[in-house]
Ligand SMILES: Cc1ncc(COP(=O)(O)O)c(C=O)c1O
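Here we start with a single chain on its own, the form predicted on its own, put down as C-alpha coordinates.
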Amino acid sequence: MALDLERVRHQFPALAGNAVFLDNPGGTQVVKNCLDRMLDYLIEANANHDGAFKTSRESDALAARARQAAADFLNARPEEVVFGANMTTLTFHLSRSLAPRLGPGDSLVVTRLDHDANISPWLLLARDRGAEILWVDFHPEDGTLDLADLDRALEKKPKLVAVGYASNALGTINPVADIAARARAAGALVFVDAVHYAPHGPIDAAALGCDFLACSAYKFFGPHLGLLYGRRELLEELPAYKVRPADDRVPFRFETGTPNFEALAGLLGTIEYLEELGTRFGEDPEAEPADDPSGRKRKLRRAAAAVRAHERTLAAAMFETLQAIPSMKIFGLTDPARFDERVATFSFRLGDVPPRRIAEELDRDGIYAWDGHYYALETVRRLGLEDKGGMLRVGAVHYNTLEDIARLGRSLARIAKA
(Lines give C-alpha, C1' and ligand atoms only; values in the text may rest on other atoms or scores of the structure.)
Protein backbone atom coordinates (compact mmCIF):
# COMPACT_ATOMS: atom_id res chain seq x y z
CA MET A 1 0.00 0.00 0.00
CA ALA A 2 1.31 3.45 -0.93
CA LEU A 3 2.20 5.81 1.90
CA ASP A 4 -0.45 8.32 2.93
CA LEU A 5 1.86 11.35 2.78
CA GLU A 6 -0.60 13.64 4.54
CA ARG A 7 -0.80 11.26 7.48
CA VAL A 8 2.97 10.66 7.49
CA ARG A 9 3.84 14.35 7.39
CA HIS A 10 1.38 15.11 10.18
CA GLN A 11 3.62 13.01 12.44
CA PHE A 12 6.52 15.47 11.99
CA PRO A 13 5.89 18.86 13.64
CA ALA A 14 8.73 20.55 11.72
CA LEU A 15 6.92 19.88 8.43
CA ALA A 16 3.98 22.10 9.39
CA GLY A 17 5.75 25.10 7.87
CA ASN A 18 6.59 25.82 4.25
CA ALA A 19 10.22 24.66 4.27
CA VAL A 20 11.44 21.82 2.06
CA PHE A 21 13.85 19.61 3.99
CA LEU A 22 16.32 18.07 1.56
CA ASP A 23 19.15 18.29 4.11
CA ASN A 24 18.09 14.87 5.43
CA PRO A 25 21.47 13.16 4.87
CA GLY A 26 22.84 15.43 7.59
CA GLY A 27 19.98 14.61 9.97
CA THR A 28 16.26 14.00 9.52
CA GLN A 29 13.39 15.78 11.21
CA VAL A 30 12.09 14.24 14.44
CA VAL A 31 8.84 12.31 14.64
CA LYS A 32 6.27 13.46 17.20
CA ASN A 33 6.20 10.15 19.05
CA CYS A 34 9.92 10.57 19.75
CA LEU A 35 9.33 14.04 21.20
CA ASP A 36 6.40 12.83 23.29
CA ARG A 37 8.42 9.95 24.72
CA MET A 38 11.31 12.23 25.64
CA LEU A 39 9.08 14.79 27.33
CA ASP A 40 7.15 12.13 29.25
CA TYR A 41 10.37 10.59 30.51
CA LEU A 42 11.84 13.88 31.71
CA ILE A 43 8.64 14.75 33.56
CA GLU A 44 7.66 11.38 34.96
CA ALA A 45 10.75 9.18 35.39
CA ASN A 46 13.89 11.31 35.29
CA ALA A 47 16.50 9.55 37.45
CA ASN A 48 19.85 7.77 37.40
CA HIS A 49 19.97 4.00 37.10
CA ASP A 50 20.11 1.17 39.63
CA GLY A 51 18.45 3.04 42.47
CA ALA A 52 16.12 1.63 45.13
CA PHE A 53 13.26 3.96 44.21
CA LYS A 54 10.46 4.24 41.67
CA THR A 55 11.81 6.67 39.07
CA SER A 56 15.16 4.86 38.94
CA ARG A 57 13.42 1.53 38.39
CA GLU A 58 11.32 3.13 35.66
CA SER A 59 14.44 4.55 33.99
CA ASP A 60 16.08 1.14 33.93
CA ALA A 61 12.91 -0.48 32.60
CA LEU A 62 12.68 2.12 29.84
CA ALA A 63 16.34 1.53 28.88
CA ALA A 64 15.68 -2.19 28.62
CA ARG A 65 12.67 -1.59 26.36
CA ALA A 66 14.69 0.75 24.16
CA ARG A 67 17.50 -1.80 23.87
CA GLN A 68 15.05 -4.52 22.83
CA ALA A 69 13.51 -2.16 20.26
CA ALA A 70 16.96 -1.29 18.90
CA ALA A 71 17.83 -4.98 18.73
CA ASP A 72 14.68 -5.65 16.70
CA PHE A 73 15.53 -2.71 14.42
CA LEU A 74 18.96 -4.23 13.74
CA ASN A 75 17.83 -7.89 13.92
CA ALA A 76 20.22 -8.56 16.78
CA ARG A 77 20.05 -9.68 20.41
CA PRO A 78 19.65 -7.00 23.10
CA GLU A 79 23.02 -7.90 24.63
CA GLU A 80 24.62 -7.11 21.25
CA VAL A 81 23.43 -3.48 21.19
CA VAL A 82 25.64 -0.75 22.67
CA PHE A 83 24.37 2.82 23.08
CA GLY A 84 26.60 5.89 22.85
CA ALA A 85 26.71 9.57 21.97
CA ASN A 86 26.84 8.96 18.23
CA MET A 87 28.32 6.61 15.64
CA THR A 88 31.62 8.49 15.54
CA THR A 89 32.21 8.25 19.29
CA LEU A 90 31.26 4.57 19.36
CA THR A 91 33.61 3.82 16.47
CA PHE A 92 36.55 5.53 18.15
CA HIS A 93 35.81 3.62 21.36
CA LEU A 94 35.67 0.32 19.48
CA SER A 95 38.90 1.08 17.62
CA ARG A 96 40.64 1.54 20.95
CA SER A 97 39.28 -1.79 22.18
CA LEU A 98 40.56 -3.50 19.04
CA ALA A 99 44.02 -1.94 19.35
CA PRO A 100 45.64 -4.82 21.29
CA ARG A 101 44.86 -7.12 18.36
CA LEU A 102 47.02 -5.13 15.95
CA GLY A 103 50.72 -4.55 15.54
CA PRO A 104 53.44 -3.93 12.95
CA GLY A 105 52.87 -6.05 9.87
CA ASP A 106 49.08 -6.07 10.26
CA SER A 107 46.72 -4.16 7.98
CA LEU A 108 43.26 -2.57 7.93
CA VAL A 109 41.02 -1.88 4.92
CA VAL A 110 39.11 1.37 4.42
CA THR A 111 37.38 2.77 1.33
CA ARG A 112 37.39 6.13 -0.41
CA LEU A 113 33.60 6.00 -0.59
CA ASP A 114 33.12 6.28 3.17
CA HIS A 115 32.26 9.03 5.65
CA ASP A 116 35.36 10.00 7.61
CA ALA A 117 33.85 8.53 10.80
CA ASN A 118 34.54 5.15 9.22
CA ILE A 119 38.04 6.14 8.10
CA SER A 120 39.81 8.33 10.66
CA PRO A 121 39.32 5.97 13.63
CA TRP A 122 41.05 3.24 11.64
CA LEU A 123 43.77 5.56 10.33
CA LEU A 124 44.60 6.58 13.89
CA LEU A 125 44.48 2.97 15.10
CA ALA A 126 46.92 1.95 12.37
CA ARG A 127 49.20 4.88 13.22
CA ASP A 128 49.22 4.03 16.92
CA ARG A 129 49.86 0.33 16.37
CA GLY A 130 52.29 0.54 13.46
CA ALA A 131 49.85 -1.19 11.10
CA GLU A 132 49.25 -0.56 7.39
CA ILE A 133 46.17 1.00 5.81
CA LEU A 134 44.91 -0.58 2.58
CA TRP A 135 42.72 1.76 0.53
CA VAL A 136 39.87 0.49 -1.66
CA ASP A 137 38.90 2.81 -4.50
CA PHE A 138 35.54 3.44 -6.15
CA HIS A 139 34.61 4.01 -9.78
CA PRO A 140 34.29 7.81 -10.24
CA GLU A 141 32.06 7.38 -13.28
CA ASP A 142 29.21 5.75 -11.34
CA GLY A 143 30.16 5.96 -7.65
CA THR A 144 30.27 2.20 -7.07
CA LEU A 145 32.92 0.46 -5.00
CA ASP A 146 35.78 -1.21 -6.87
CA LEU A 147 35.34 -4.81 -5.76
CA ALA A 148 38.40 -5.96 -7.71
CA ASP A 149 40.42 -3.46 -5.68
CA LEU A 150 38.85 -4.90 -2.52
CA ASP A 151 39.89 -8.42 -3.54
CA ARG A 152 43.46 -7.24 -4.05
CA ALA A 153 43.46 -5.74 -0.56
CA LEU A 154 42.05 -8.96 0.92
CA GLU A 155 44.97 -10.91 -0.51
CA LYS A 156 47.07 -9.27 2.22
CA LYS A 157 44.89 -10.86 4.93
CA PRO A 158 43.85 -7.67 6.76
CA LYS A 159 42.63 -7.77 10.33
CA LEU A 160 39.56 -5.62 9.65
CA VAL A 161 37.53 -4.29 6.73
CA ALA A 162 35.59 -1.05 7.32
CA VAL A 163 32.89 -0.32 4.75
CA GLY A 164 29.78 1.84 4.47
CA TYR A 165 26.32 0.44 3.82
CA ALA A 166 25.46 3.48 1.70
CA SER A 167 27.51 6.49 0.63
CA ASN A 168 26.41 9.71 2.34
CA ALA A 169 27.83 11.67 -0.59
CA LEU A 170 26.78 9.72 -3.69
CA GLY A 171 23.91 7.58 -2.42
CA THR A 172 25.46 4.28 -3.55
CA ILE A 173 24.28 1.18 -1.68
CA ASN A 174 27.22 -1.19 -1.30
CA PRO A 175 26.77 -4.98 -1.57
CA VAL A 176 27.62 -5.35 2.09
CA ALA A 177 26.69 -9.02 2.53
CA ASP A 178 28.95 -9.95 -0.39
CA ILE A 179 31.76 -7.75 0.94
CA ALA A 180 31.41 -9.28 4.41
CA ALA A 181 31.58 -12.80 2.97
CA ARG A 182 34.77 -11.98 1.05
CA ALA A 183 36.31 -10.36 4.12
CA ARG A 184 35.46 -13.28 6.40
CA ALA A 185 36.97 -15.70 3.90
CA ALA A 186 40.20 -13.68 4.18
CA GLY A 187 40.06 -13.86 7.98
CA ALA A 188 39.08 -10.22 8.58
CA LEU A 189 36.59 -8.70 10.97
CA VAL A 190 33.94 -6.52 9.28
CA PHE A 191 32.74 -3.12 10.51
CA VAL A 192 29.75 -1.58 8.70
CA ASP A 193 28.79 2.09 8.88
CA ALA A 194 25.01 1.99 8.37
CA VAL A 195 24.33 5.62 9.31
CA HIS A 196 23.28 6.79 5.87
CA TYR A 197 21.39 3.64 4.97
CA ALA A 198 19.29 3.38 8.15
CA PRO A 199 16.40 5.70 7.14
CA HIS A 200 16.13 4.13 3.69
CA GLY A 201 15.93 0.36 4.11
CA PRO A 202 15.93 -2.63 6.46
CA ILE A 203 19.01 -3.53 8.47
CA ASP A 204 19.66 -7.19 9.26
CA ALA A 205 22.98 -7.43 11.05
CA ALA A 206 22.69 -11.21 11.33
CA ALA A 207 22.06 -11.73 7.62
CA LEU A 208 24.81 -9.32 6.59
CA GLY A 209 27.39 -11.45 8.37
CA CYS A 210 29.23 -8.46 9.79
CA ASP A 211 30.98 -8.35 13.15
CA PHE A 212 30.08 -4.76 13.98
CA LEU A 213 27.55 -2.27 12.61
CA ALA A 214 26.85 1.28 13.71
CA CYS A 215 24.18 3.88 13.02
CA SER A 216 22.78 7.08 14.55
CA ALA A 217 19.13 7.57 15.50
CA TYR A 218 19.06 11.22 14.45
CA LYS A 219 19.49 10.04 10.86
CA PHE A 220 16.29 7.96 11.07
CA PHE A 221 13.82 10.42 12.64
CA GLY A 222 14.99 10.11 16.26
CA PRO A 223 17.23 11.78 18.85
CA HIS A 224 20.99 12.28 18.90
CA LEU A 225 22.02 8.79 19.95
CA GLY A 226 24.45 6.23 18.53
CA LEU A 227 23.80 2.49 18.19
CA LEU A 228 26.52 -0.13 17.83
CA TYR A 229 25.87 -3.78 17.06
CA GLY A 230 28.64 -6.19 17.99
CA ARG A 231 28.69 -9.97 17.93
CA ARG A 232 28.32 -11.04 21.54
CA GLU A 233 31.41 -13.22 21.63
CA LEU A 234 33.51 -10.30 20.42
CA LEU A 235 32.00 -7.87 22.92
CA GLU A 236 32.83 -10.36 25.66
CA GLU A 237 36.44 -10.73 24.49
CA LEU A 238 37.34 -7.09 23.86
CA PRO A 239 38.63 -4.81 26.62
CA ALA A 240 36.45 -1.84 27.53
CA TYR A 241 37.77 1.55 28.61
CA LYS A 242 35.62 3.00 31.39
CA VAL A 243 35.56 4.04 35.04
CA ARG A 244 35.56 1.69 38.02
CA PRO A 245 33.46 -0.08 39.34
CA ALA A 246 31.01 0.18 36.43
CA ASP A 247 28.96 -2.78 35.21
CA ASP A 248 31.25 -5.20 33.35
CA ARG A 249 28.45 -7.23 31.76
CA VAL A 250 27.88 -7.15 27.99
CA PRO A 251 26.82 -4.74 26.56
CA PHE A 252 26.94 -2.30 29.51
CA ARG A 253 30.71 -2.57 29.79
CA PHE A 254 31.06 -0.50 26.60
CA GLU A 255 28.70 2.27 27.73
CA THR A 256 30.60 4.99 29.54
CA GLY A 257 28.94 7.27 32.06
CA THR A 258 25.27 7.75 32.82
CA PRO A 259 22.99 6.75 29.94
CA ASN A 260 21.11 9.42 28.03
CA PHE A 261 17.74 8.13 29.24
CA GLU A 262 15.68 10.79 27.46
CA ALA A 263 17.35 9.88 24.16
CA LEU A 264 16.62 6.19 24.82
CA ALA A 265 12.99 7.17 25.38
CA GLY A 266 13.05 9.06 22.08
CA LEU A 267 14.54 6.09 20.27
CA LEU A 268 11.76 3.86 21.59
CA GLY A 269 9.19 6.37 20.35
CA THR A 270 10.86 6.51 16.94
CA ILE A 271 10.83 2.75 16.50
CA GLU A 272 7.20 2.65 17.64
CA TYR A 273 6.43 5.12 14.84
CA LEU A 274 8.15 2.87 12.30
CA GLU A 275 6.15 -0.08 13.60
CA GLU A 276 2.95 1.87 13.00
CA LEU A 277 4.15 2.77 9.52
CA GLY A 278 4.62 -0.91 8.76
CA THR A 279 1.25 -1.84 10.21
CA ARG A 280 -0.64 0.72 8.13
CA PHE A 281 1.19 0.80 4.84
CA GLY A 282 3.58 -2.12 4.52
CA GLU A 283 3.17 -5.42 2.75
CA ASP A 284 4.24 -8.75 4.21
CA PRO A 285 7.98 -9.38 3.77
CA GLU A 286 8.95 -12.26 1.51
CA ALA A 287 10.96 -13.87 4.30
CA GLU A 288 9.46 -13.87 7.76
CA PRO A 289 12.01 -12.90 10.42
CA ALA A 290 12.91 -15.63 12.87
CA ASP A 291 12.53 -15.17 16.62
CA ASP A 292 9.98 -12.36 16.50
CA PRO A 293 7.58 -12.95 19.40
CA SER A 294 6.33 -9.36 19.49
CA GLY A 295 5.91 -9.07 15.70
CA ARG A 296 8.00 -5.90 15.73
CA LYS A 297 10.64 -7.15 13.29
CA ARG A 298 7.94 -8.02 10.77
CA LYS A 299 6.36 -4.59 11.12
CA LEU A 300 9.72 -2.86 10.72
CA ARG A 301 10.45 -4.82 7.55
CA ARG A 302 7.03 -3.89 6.20
CA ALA A 303 7.78 -0.25 6.97
CA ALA A 304 11.17 -0.44 5.25
CA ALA A 305 9.55 -1.92 2.13
CA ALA A 306 6.97 0.86 1.99
CA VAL A 307 9.69 3.47 2.47
CA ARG A 308 11.85 1.98 -0.28
CA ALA A 309 8.93 1.95 -2.73
CA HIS A 310 8.11 5.61 -2.08
CA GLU A 311 11.74 6.67 -2.20
CA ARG A 312 12.28 4.95 -5.56
CA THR A 313 9.60 7.26 -6.94
CA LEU A 314 11.30 10.25 -5.33
CA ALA A 315 14.73 9.20 -6.66
CA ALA A 316 13.42 8.91 -10.20
CA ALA A 317 11.74 12.32 -9.95
CA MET A 318 14.84 13.88 -8.41
CA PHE A 319 17.05 12.55 -11.19
CA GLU A 320 14.70 13.71 -13.95
CA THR A 321 14.44 17.14 -12.33
CA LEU A 322 18.18 17.56 -11.92
CA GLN A 323 19.19 16.36 -15.37
CA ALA A 324 16.75 18.82 -16.96
CA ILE A 325 18.75 21.76 -15.54
CA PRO A 326 21.34 23.21 -17.96
CA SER A 327 25.02 22.70 -17.01
CA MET A 328 24.10 20.04 -14.46
CA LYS A 329 26.68 17.37 -13.51
CA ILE A 330 25.31 14.58 -11.30
CA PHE A 331 27.78 12.31 -9.52
CA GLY A 332 27.15 8.66 -8.74
CA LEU A 333 24.70 6.20 -10.30
CA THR A 334 22.59 7.87 -12.98
CA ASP A 335 21.12 4.81 -14.72
CA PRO A 336 17.47 4.62 -13.59
CA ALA A 337 17.55 0.86 -14.22
CA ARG A 338 20.06 0.60 -11.37
CA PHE A 339 18.33 2.84 -8.84
CA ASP A 340 17.79 -0.15 -6.56
CA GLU A 341 21.53 0.22 -5.95
CA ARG A 342 21.20 3.75 -4.56
CA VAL A 343 19.16 5.81 -2.13
CA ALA A 344 17.50 9.13 -2.98
CA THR A 345 20.63 11.14 -2.19
CA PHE A 346 22.14 13.12 -5.07
CA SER A 347 25.25 15.30 -5.21
CA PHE A 348 25.91 17.59 -8.14
CA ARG A 349 27.68 20.61 -9.58
CA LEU A 350 25.81 23.31 -11.49
CA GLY A 351 28.27 24.67 -14.02
CA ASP A 352 30.76 26.98 -12.32
CA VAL A 353 28.35 28.10 -9.61
CA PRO A 354 29.96 27.49 -6.19
CA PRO A 355 27.96 24.91 -4.21
CA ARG A 356 27.80 27.27 -1.23
CA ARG A 357 26.10 29.91 -3.34
CA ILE A 358 23.56 27.35 -4.59
CA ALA A 359 22.79 26.36 -1.00
CA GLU A 360 22.32 30.01 -0.06
CA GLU A 361 20.02 30.63 -3.04
CA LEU A 362 17.97 27.54 -2.22
CA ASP A 363 17.65 28.76 1.37
CA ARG A 364 16.08 31.97 0.08
CA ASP A 365 13.39 29.78 -1.49
CA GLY A 366 12.88 27.83 1.72
CA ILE A 367 14.75 24.74 0.51
CA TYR A 368 17.42 23.28 2.77
CA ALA A 369 20.42 21.43 1.31
CA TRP A 370 24.07 20.79 2.14
CA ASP A 371 27.18 21.92 0.32
CA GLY A 372 30.84 20.95 0.69
CA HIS A 373 32.20 17.49 1.50
CA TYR A 374 29.80 16.41 4.32
CA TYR A 375 32.76 14.56 5.90
CA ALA A 376 33.00 12.31 2.84
CA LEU A 377 36.41 13.86 2.47
CA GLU A 378 38.06 11.04 0.51
CA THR A 379 35.14 10.83 -1.91
CA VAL A 380 35.32 14.53 -2.72
CA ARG A 381 39.11 14.34 -3.08
CA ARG A 382 38.84 11.37 -5.43
CA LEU A 383 36.43 13.35 -7.60
CA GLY A 384 38.88 16.27 -7.71
CA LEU A 385 36.48 18.68 -6.01
CA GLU A 386 38.06 19.35 -2.62
CA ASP A 387 39.47 22.73 -3.61
CA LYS A 388 36.37 23.65 -5.63
CA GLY A 389 33.82 23.78 -2.84
CA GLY A 390 32.79 20.14 -3.08
CA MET A 391 29.26 19.44 -4.29
CA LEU A 392 25.68 20.43 -3.55
CA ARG A 393 23.80 17.54 -1.93
CA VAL A 394 20.04 16.92 -1.73
CA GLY A 395 18.52 13.87 -0.09
CA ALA A 396 14.92 12.74 0.20
CA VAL A 397 13.35 10.49 2.83
CA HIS A 398 9.86 9.04 3.11
CA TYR A 399 8.20 12.25 4.33
CA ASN A 400 9.28 14.16 1.22
CA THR A 401 6.85 14.71 -1.64
CA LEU A 402 6.95 15.10 -5.40
CA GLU A 403 6.05 18.76 -4.86
CA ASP A 404 9.24 19.14 -2.79
CA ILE A 405 11.18 17.89 -5.81
CA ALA A 406 9.28 20.21 -8.15
CA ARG A 407 10.10 23.20 -5.94
CA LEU A 408 13.75 22.21 -6.01
CA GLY A 409 13.63 22.09 -9.80
CA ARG A 410 12.10 25.55 -10.08
CA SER A 411 14.69 27.03 -7.77
CA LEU A 412 17.62 25.38 -9.55
CA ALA A 413 16.29 26.56 -12.92
CA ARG A 414 16.22 30.12 -11.56
CA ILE A 415 19.77 29.80 -10.20
CA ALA A 416 21.04 28.36 -13.50
CA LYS A 417 19.66 31.36 -15.40
CA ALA A 418 21.11 33.96 -13.02
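One rule holds for the numbers: they count along the sequence shown, beginning at 1. Please read these numbers as outputs of a predicted model, since none were measured by experiment.
There is another form of the same protein, the form predicted in complex with the ligand; it is not shown, and what comes next is about it.
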{"property": "4.5 Å heavy atom contact, residue 218 to the ligand in the model of the complex", "result": "yes"}
{"property": "Partner contact for residue 270 in the model of the complex: the ligand, 4.5 angstroms, heavy atom", "result": "no"}
{"property": "The ligand contact in the model of the complex: residue 265, any heavy atom under 4.5 Å", "result": "no"}
{"property": "Contact test in the model of the complex: residue 395 vs the ligand, heavy atoms, 4.5 Å", "result": "no"}
{"property": "The unique member of 88, 107, 120, 260 whose heavy atoms fall within 4.5 Å of the ligand in the model of the complex", "result": "88"}
{"property": "In the model of the complex, the residue from 200, 342, 115, 297 that sits within 4.5 Å of the ligand by heavy atoms", "result": "115"}
{"property": "Interface stretch in the model of the complex with the ligand - options 182-190, 80-88, 323-331, 67-75, non-hydrogen atom within 4.5 Å", "result": "80-88"}
{"property": "Heavy atom within 4.5 Å of the ligand in the model of the complex - qualifying residues of 191-215", "result": "193, 195, 196"}
